[in-house]
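Here you get one chain, nothing else, as structure tokens; it is the form predicted on its own.
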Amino acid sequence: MGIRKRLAMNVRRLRKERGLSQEALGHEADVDRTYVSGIERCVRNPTIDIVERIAKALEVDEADLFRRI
């Protein structure tokens, strides 16, 4: 599995565990909802700054977004 797919799966899993919609996560991370959707569908290649903002919004370490589950 590629790293982008792993990121997508972890963002989706963590977002759902926290009961957040894509829109709510986007608001917390200051990115558009469609960008969150693109990350989760592997059609977006987020910058490290975006990864950092998403991790902060999900209250996890950035490395947690790349961990194998």
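It should be emphasised that the depicted structure is a prediction, and the values quoted were computed from it without experimental measurement. Numbers follow the displayed sequence, beginning with 1.
Below, we refer to the form predicted together with the DNA, which is not included among the displayed structures.
Not displayed here, the DNA is kept clear of M9 by more than 4.5 Å at the level of heavy atoms in the predicted complex.
For the chain shown alone, H27 is not a contact residue for the DNA in the predicted complex, no non-hydrogen atom being within 4.5 angstroms. Although the partner is absent here, V60 lies well away from the DNA in the predicted complex, with no heavy atom inside 4.5 Å. Using a 4.5 Å cutoff between non-hydrogen atoms, I50 counts as a contact of the DNA in the predicted complex.
The partner is not shown here, but in the predicted complex the stretch 27-43 reaches within 4.5 angstroms of the DNA through a heavy atom at D30, V31, D32, R33, T34, Y35, S37, R41.
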